[in-house]
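Take a look at this single chain, the form predicted alone, given in structure tokens.
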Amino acid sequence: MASIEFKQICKSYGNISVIKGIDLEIKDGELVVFVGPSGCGKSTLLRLLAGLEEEDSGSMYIGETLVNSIAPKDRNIAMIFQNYALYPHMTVAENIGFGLKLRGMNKKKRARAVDETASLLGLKHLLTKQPRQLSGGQRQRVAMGRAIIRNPEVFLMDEPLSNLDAKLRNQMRIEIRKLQRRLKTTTIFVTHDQIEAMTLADRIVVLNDGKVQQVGAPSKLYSSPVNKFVAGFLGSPSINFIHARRTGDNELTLPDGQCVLLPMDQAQILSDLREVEIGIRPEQINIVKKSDQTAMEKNTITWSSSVSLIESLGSEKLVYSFHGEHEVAIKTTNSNGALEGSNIQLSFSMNNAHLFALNDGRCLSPVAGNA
């Protein structure tokens, strides 16, 4: 097993800069997820580590070894792609053991290794089948088996679940997590799906525009984003943003004219900023009865709006309404009788909100930071 380190890695294609001076350390045995929108550089960074692309500058280490000039086949990594890339004319056993065959391992040892790997992945009953006879999930397990059997120092997974349906994705996500915990192999998993990132990772690396935005445990990034991008990217539905102007030392005024008093710790960090954005998670907005509003604190924002849509998730509901012209999402277990088209009362406490600088999107909340 091995740690991984990127030092000031840069990569451009012509005049387009894709990776912009990334520094990152991954601990031995960690499962780290690279997440971000399409084109953010996450797959490029993975391919640079694998040796499939050549960096323009910077250094990459696997353990203590500088791997920049080492051929891909000698980096002791195994890569699992979105495309299973199985040999259609070979059986499951032959696909799993093909890499060992190329390395010259004798047939008896190879068969033993294939059998052990197949047992680990629940594939023993499929060893004589060919890929066309397998489901998508089974094919992905075969692709994983082909990687695992090599006993590499590092697993690299480039959106391996993208071709599966929703149910299979959930199943495979659980299997990958259990398998990584059992093998304790350092793993980098690339995805654009923030739910996969939140459920799989020991730590998440959020990338955007070729730069690392934030690194940390999933719960830390969700509760303490360093900027508006991270706050908006993680969470389903996404965090709600409301523009506000500062009209007093500890007072904000919203577009509807409502004034709210800030907790002192929030007011002190605003410095001389005059305009901010309030970020509030859907689960922190409450649907309240009119009779409850008399008990609201001065740092609570309340407003009335109509319901545009309600989505049922079983134990929870997503209620979509408005604050002025901006649609807001509310995640709740108690919709208080709200119906589509009806008027509802909404509220949230500023104690549960983040403040973001309007000019550069940085989070001003005192809890913001990396894990």
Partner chain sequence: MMVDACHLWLAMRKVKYMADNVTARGKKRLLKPFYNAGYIKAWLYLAPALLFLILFTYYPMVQVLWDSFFLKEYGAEKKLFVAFDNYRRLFADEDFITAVKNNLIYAIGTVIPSIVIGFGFALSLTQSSRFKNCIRSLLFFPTLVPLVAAAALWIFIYFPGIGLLDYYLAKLGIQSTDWLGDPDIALYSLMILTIWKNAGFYMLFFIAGLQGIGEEYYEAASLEGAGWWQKLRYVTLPLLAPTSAFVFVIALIHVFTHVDHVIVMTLGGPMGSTNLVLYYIYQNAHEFNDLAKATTATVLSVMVLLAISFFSIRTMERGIHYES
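Residue numbers count along the first chain shown, from 1. For clarity, every value in this text was computed on a predicted model and none was experimentally measured. What we label the rigid core is the largest C-alpha set whose atoms superpose within 1.5 Å from one form to the other.
What comes next is about the form predicted together with its partner chain, which is not displayed.
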{"property": "Partner-proximal stretch of 256 to 264, 277 to 285, 84 to 92, 197 to 205 relative to its partner chain in the model of the complex, 4.5 angstroms, heavy atom", "result": "84 to 92"}
{"property": "is_contact(residue 331, its partner chain) in the model of the complex, heavy atom dist at most 4.5 Å", "result": "no"}
{"property": "4.5 Å heavy atom contact, residue 101 and its partner chain in the model of the complex", "result": "yes"}
{"property": "Contact of residue 323 with its partner chain in the model of the complex (heavy atom, 4.5 Å)", "result": "no"}
{"property": "Contact flag, residue 239 vs its partner chain in the model of the complex, heavy atom cut 4.5 Å", "result": "no"}
{"property": "Listed residue (72, 136, 122, 232) with a non-hydrogen atom within 4.5 angstroms of its partner chain in the model of the complex", "result": "72"}
{"property": "Interface residue in the model of the complex among 142, 79, 176, 188, criterion: non-hydrogen atom within 4.5 angstroms of its partner chain", "result": "79"}
{"property": "Any residue of 129 to 153 that, in the model of the complex, places a heavy atom within 4.5 Å of its partner chain", "result": "132, 146, 150"}
{"property": "Is_shifted residue 131 between this form and the one not shown (CA, 2 Å cut-off, rigid core)", "result": "yes"}
